[in-house]
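Consider the single chain below, provided in structure tokens and representing the form predicted alone.
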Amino acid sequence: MFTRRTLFGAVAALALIGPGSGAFAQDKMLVPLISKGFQHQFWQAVKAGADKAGAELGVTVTFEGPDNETQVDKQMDMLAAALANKPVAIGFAALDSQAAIPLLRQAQEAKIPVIAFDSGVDSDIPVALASTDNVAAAALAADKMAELIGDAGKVAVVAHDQTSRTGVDRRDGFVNRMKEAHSGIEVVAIEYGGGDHLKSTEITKALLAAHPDLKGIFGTNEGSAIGVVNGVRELGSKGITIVGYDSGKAQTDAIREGLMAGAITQNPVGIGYETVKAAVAAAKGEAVSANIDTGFYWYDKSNIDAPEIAAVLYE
């Protein structure tokens, strides 16, 4: 949990930044990206896109994130340290949609534009958000799940968190779509595994034990979805329809093997690329679109090798 001590320390470090310190004093513009994590292939793909934009635009891009997606304190330390390096702009994917606001306010006062990526914050400080429309994407996942299980039965959600915008939007997008359009389906449980595949595996086993008539499970990010697949595999459960979010080799392998019915893939390379592109434009005082929709796709065994899908999968 984010502590007051950490917050005061981070803000104190950031106080060393003077107004306008994000200007063009450096020979090469510095654009750091602070991610929600570094362990999933998704974030490696975001980094690849950011690096590509940095090379094309001639700016220095750095990319870091905490070891796992529960370490809000560590992410705040990384954000404070990055801002203390006086970048021209910064990209930030919030683990907690409120915890970073004091630091982001300091960045705003120092005239360092903030570009939110993947997951926004509960503030208008970021000048842009480069992300997937997670509500719409999760609603599509709900529609696909409903179709696969005959529009009737019990399903569950294994979500990565309930503090980030992605966690909230994907959970609510799925659950609300089921309520609105699929009255024959009951969401019997929503559990949170922190995006950790081991914890999500154990959660899945517990769900299957508690609900032997369960027909489907939705995993809301890479680690969650892999955990669901592993839990079903380890118990040898039959007749469970698994729908995931993101891609990565473990998920694409599970789809090819028939363990996972399908998943939503984002465009992580595009997220990284557009974040850096927007950051550089904002640093130069150019107009930036407030919402940069980087798109999403449903993929399953039938279209996984199609060129438009293959282009947004990652390993």
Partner chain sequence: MSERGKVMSIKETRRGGAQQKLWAFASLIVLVAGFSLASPNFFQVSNIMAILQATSVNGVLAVGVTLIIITGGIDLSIGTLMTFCAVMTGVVLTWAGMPLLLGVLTSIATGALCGLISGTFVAKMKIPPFIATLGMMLMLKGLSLIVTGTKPIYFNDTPGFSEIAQGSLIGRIVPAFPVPNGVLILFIVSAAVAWILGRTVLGRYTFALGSNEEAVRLSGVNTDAWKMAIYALAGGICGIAGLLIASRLNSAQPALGLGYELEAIAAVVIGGTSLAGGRGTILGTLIGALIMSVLTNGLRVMSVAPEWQTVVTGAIIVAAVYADQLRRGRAG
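Positions refer to the first chain, counted from 1. Please read these numbers as outputs of a predicted model, since none were measured by experiment.
Same protein, other form: the form predicted together with the partner chain, not shown, and the subject of what follows.
Taken together, the three residues S97, D143 and D172 all stay farther than 4.5 Å from the partner chain in the predicted complex, as judged by their closest heavy atom.
For S183, no non-hydrogen atom is located within 4.5 Å of the partner chain in the predicted complex, even though that partner is not displayed. Among residues of the shown chain, K249 is one whose heavy atoms approach the partner chain to within 4.5 Å in the predicted complex. T60 falls outside the set of residues with a heavy atom inside 4.5 Å of the partner chain in the predicted complex. Although the partner is absent here, K199 sits close enough that one of its heavy atoms falls within 4.5 Å of the partner chain in the predicted complex.
Proximity to the partner chain in the predicted complex, defined as a heavy atom within 4.5 Å, singles out one entry of S131, Q106, N230, T241, which is N230. Judged by heavy atoms within 4.5 Å of the partner chain in the predicted complex, the contact stretch among the candidates 143-151, 189-197, 106-114, 123-131 is 189-197. Along 207-222, residues A209, A210, H211, P212 each place a heavy atom within 4.5 Å of the partner chain in the predicted complex.
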